[in-house]
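Next up: the same protein chain in two forms, each one alone, written as structure tokens (structure 1, then structure 2).
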Structure 1
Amino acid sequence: MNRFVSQCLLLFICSAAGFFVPGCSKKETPVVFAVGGAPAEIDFWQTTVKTFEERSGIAVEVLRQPTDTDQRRQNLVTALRASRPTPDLFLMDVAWIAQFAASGWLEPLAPFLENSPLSRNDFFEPVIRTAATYNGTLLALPVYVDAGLLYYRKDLLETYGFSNPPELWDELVAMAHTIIDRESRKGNELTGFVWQGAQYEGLVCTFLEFAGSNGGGLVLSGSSPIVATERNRQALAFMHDVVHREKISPVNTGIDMKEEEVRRAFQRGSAIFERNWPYAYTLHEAEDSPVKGKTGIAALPRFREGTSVSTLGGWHIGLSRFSRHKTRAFSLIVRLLSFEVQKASALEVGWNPGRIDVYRDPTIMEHLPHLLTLRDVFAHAVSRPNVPWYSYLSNVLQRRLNAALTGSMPVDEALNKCEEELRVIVEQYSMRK
């Protein structure tokens, strides 16, 4: 009998017998875990999952999703609406947990926690209370917390005599002009400020920061949302002007600029300032990065009348209600939220872990001192409205803000239209309660 035939025979006997024989186990259906993000983030999940498989003997399939949060949400919504049993586990943007919770797609986690080494006290209490719990039921656990930050080229600021990063938006514009001008005389073409302006969720986040740092923002009170205010108008006009009038931001800001486009521009060394989430830091500091050792981090600037504001972001893990392998899937959650993996995620991909004990770790403090420096940024971050129909609001904001940013609609008109359309949504959904 040749080797192939004998192996097939052995496999047949094992699977017919239906019991475990070392070296010829019956293949279990893998736990499917959906993740997205930057390539380095997906690599991190893949290595982490591999170690888990080796240690636990539980098979896992990593389902790769796009980088853009809206596309990731859409992808999952399609599977969950159809009650599909996979993915068993997925990461959820803090902006869409309420929708998933209200739709009944998430398995309550408290019963699983009871017999596990994890406890809700391991995580930031306000995050658990405001984002992970819906109607009193714990439905998600935080993997990492995000807040918008300002990255800047320490070396360039220093060369041109700026001892500190800008505190005001006007200062950022002035510094950018000086540096761009002087560097261009040396034949070095730079752009001033890269940030997320494409028509997607990231634009809502950046708008809330510009507006918030001018004392504005989005107010949802009763059924009358308020967005068309003078402070928001000034903030949106500023967003338009940095691209089209000051020309310190790339002309394609409103078309192409999402997290990774922004990060790559800064990392190539072609931008002076960047607005991004914390994950960009470790990538900028990587061995082969042209900006290694040259990247500074600060709180985002503000307008004269306002204070610095960051949008609160972050990703949680959820277990599908339709999963057929909930216990096995939960053991993967336990591993992913262990101290060891959370610490590795901070060091390797620069996330701000959801677990509190990681922040007390000496290695973390040594390698990522900005996590402590920026504690205030996290303490004052603004949340997006935590309502199940947030994606409808976001859709309106994305379209109208982007129209103003690209100049296809005047700022006033865009904000007025925004307010009208938001009102229709808020009225419709608050009546359904």
Structure 2
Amino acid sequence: MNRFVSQCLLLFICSAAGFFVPGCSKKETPVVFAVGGAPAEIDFWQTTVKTFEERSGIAVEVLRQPTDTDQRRQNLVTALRASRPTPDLFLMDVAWIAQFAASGWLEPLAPFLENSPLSRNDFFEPVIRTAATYNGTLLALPVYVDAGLLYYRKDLLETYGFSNPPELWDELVAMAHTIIDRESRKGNELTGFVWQGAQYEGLVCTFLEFAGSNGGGLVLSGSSPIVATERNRQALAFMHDVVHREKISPVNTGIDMKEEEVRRAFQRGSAIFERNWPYAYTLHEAEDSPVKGKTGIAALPRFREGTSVSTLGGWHIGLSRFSRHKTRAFSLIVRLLSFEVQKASALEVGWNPGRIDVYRDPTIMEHLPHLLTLRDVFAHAVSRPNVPWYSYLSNVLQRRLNAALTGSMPVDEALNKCEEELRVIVEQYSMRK
């Protein structure tokens, strides 16, 4: 009998008898971890996973997803809806968690935390309470956190006698007018304030910040969503007025202005104030940036009777309910959310760690001092509505808020229409439950 036939016969006997003998054992099925993002982010995950494999002996496959956020979500929804066992682990935008949770796709994490080095207290309390928990059950943990910030030109504020960034929206408007006027006399044309006003998710985030800083916001109480309030009307009217009446924001704010359009306007030196996410800071401080060394960050302003509010963003990690390797997969979660890896993610990729203790690290404070400001902002960040039908809600808000912002619909009418359409969505969802 030749060698090939002998090997085949041996494998058959092992398989049939259920024996494991040298040469017959099956390679361990890897834990599949789905990630997306820029090439540098993928490289970081692959390097981190390789170290985990070497230390733990657990095999892991990094499943690369598209860079586009919507495509990433759809890929995960397709797999989870079909109850596929992979991916075992995946990253979720904070706005997806409620949908995934309500669909029964996420494994509760509290039982795994009981005997692990991780604790709820390792993370920002508002993030755990408002985003990572659904109906009282912990279903995700934050890998990195985002929240809206105010960027400002330190050099311009100092030149014209402003010792601190604005704490009130009225102060921002007044500062902008002063600086624009003085600079125009020198032949320099500046925009006062750039922010996300186009018809997309970013507009919802900025509205929740303006409204929240006036004591308003979106209230989802039973089958009666409330958005058409006086405080929200004042906030939305202010958003309209900074473009059309005060004219300190670009006239195309409601048409073109998304994150990158806003960032580029500020970075080329043509804007005094900018609302954006933390990612912009590293780019503003790059060697070839015209505003390097001139960029300050602060909490977003507020109305006189309100408090500063930032919309929570970022990405969480979830464990699939259909995974066949939950214990091994959670051991990878422990590694990814360890102090060592979270610190490395800040220094190497520029992420804002989900863990609180990283922000107190001496190396972090030396190389990334702006994280001290972010820590305070994250501690008071507000999550978007944690409901499974959030995408429908968001679509309504995007259309109606943008109509008010561009002037194609009065503010009062836009908010009333919002409330009417949201009530229909809530009722429809309640009937399906």
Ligand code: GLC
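Definition used throughout: the rigid core is the maximal C-alpha set that superposes within 1.5 Å between two forms. As the structure is a prediction and not an experimental result, all values here were calculated from the model. Numbers given to residues start at 1 and step along the sequence of structure 1.
- Between the two renderings of this chain, the form predicted in complex with the ligand is found in structure 1; structure 2 comes from elsewhere.
- Taking the rigid core as fixed, one finds a CA shift for H240 smaller than 2 Å between structure 1 and structure 2.
- Core-superposed comparison between structure 1 and structure 2: the C-alpha position of D357 differs by no less than 2 Å.
- Relative to the superposed rigid core, R335 undergoes a CA displacement of at least 2 Å between structure 1 and structure 2.
- On core superposition, R129 has its C-alpha offset by 6.4 angstrom between structure 1 and structure 2.
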